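A single chain, nothing else alongside it, follows as structure tokens in the form predicted alone.
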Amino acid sequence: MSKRELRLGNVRVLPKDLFPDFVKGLALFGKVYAPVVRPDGAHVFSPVERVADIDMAHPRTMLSPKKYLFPPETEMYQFSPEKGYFDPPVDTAKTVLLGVHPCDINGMLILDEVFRRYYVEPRYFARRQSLAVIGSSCEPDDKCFCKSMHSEYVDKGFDLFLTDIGDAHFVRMGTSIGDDIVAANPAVFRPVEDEDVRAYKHAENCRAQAYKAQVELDSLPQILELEYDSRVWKEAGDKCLSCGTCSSVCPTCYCYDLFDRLNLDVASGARVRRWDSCLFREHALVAGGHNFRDGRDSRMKNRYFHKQVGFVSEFGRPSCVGCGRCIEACPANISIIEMIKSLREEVKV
């Protein structure tokens, strides 16, 4: 075996005409979910019923893979007079998630850090261990600014990663699970040839040049601090509906609320963790009816400061991955790209 063959030991090529066989082979590793188009035009991760329904060219799914690791609702524990408090079972069925973009894989890596920072959240990591991630390259649109957030590429966080190189996918193996998937389906892969390497480099170069949307991160935490009283916050607050959609679709938002759900006997039930949003008026409501962020502008400001200032000081990077979901989903047409540009212009003035 040559030195080049050794270096290429963790890459393969998957011809597109064998892609259906590849998807069928994934069933050995769990229930397969992939991006499909709903009748309303939205892309969502959905159980694969027909390979023909999979849209590997999707711009973004409506919700990120976060929903599989940190579901909208989770029972933290159950209680009853007979048993007291006890842990409910966690769904750890083997799952394969196909077609995950680099920004979403980076979002999952951010959540990994959050949920093990001060204590390990066992439910999250139980689901994480049961999830096989197969990433895929994408074509950025006018809402993608993941290149600005340095999340347009990944070298970890996936089991396999597929890059479109024309009539085939260039496949990188990232874990032993990825290696097992390749080993279990030898007929659908072939070794990498020099032409494939050239095609891969060409595809990556073209994709890097395709980004239209940009956000300048240099000195952004300082600029946000300087513009704490900017008119931009008031203008955005006047438009904001406080609907929390941006938090729901965000791949890295992890705020939650806790409440008790009682059964009809009013003695047993469960304590439930549910997604929350800092844009909701009730998010900062405390005893006595006091609210630290009663105005929509202050809630908008808090969201930006958390993602671009507070998270940076805590984890060394913003918690935004530039996927563009919040821009696409906002019913008030508030754009984080335009917000940051406006705040930078305030400094120039």
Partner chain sequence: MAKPRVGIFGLTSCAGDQLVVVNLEDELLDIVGAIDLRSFIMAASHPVEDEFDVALVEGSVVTGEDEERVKDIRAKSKLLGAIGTCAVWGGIPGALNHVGRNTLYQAVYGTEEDLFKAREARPLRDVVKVDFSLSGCPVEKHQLVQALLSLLHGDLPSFPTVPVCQDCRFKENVCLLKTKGQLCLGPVTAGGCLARCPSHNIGCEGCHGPLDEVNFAAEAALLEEKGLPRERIARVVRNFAHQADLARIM
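For clarity, every value in this text was computed on a predicted model and none was experimentally measured. Numbering follows the first chain given and starts at 1.
Beyond what is shown, the protein has a form predicted in complex with the partner chain; the following relates to that form.
Using a 4.5 Å cut-off to the partner chain in the predicted complex, each of D276, I327 and P331 places a heavy atom inside that distance. Scanning L63, L26, L69, V48 against the partner chain in the predicted complex with a 4.5 Å heavy atom cut-off leaves one residue, L63. A single residue from the set T245, S136, N185, S148 has any heavy atom within 4.5 angstroms of the partner chain in the predicted complex; that residue is T245. Contact annotation: Y85 falls outside 4.5 Å of the partner chain in the predicted complex, judged by heavy atom distances. Residue contact with the partner chain in the predicted complex: N263 places a heavy atom within 4.5 Å of it.
In the predicted complex, no heavy atom of F305 sits within 4.5 Å of the partner chain. Although the partner is absent here, A126 sits far enough away that none of its heavy atoms falls within 4.5 Å of the partner chain in the predicted complex. Proximity to the partner chain in the predicted complex, taken as heavy atoms within 4.5 Å, picks out 248-256 from the listed stretches 174-182, 156-164, 248-256, 94-102. Residues of 226-246 that come within 4.5 Å of the partner chain in the predicted complex, judged by any heavy atom, are G237, D238, K239, C240, L241, S242, C243, T245 in sequence order.
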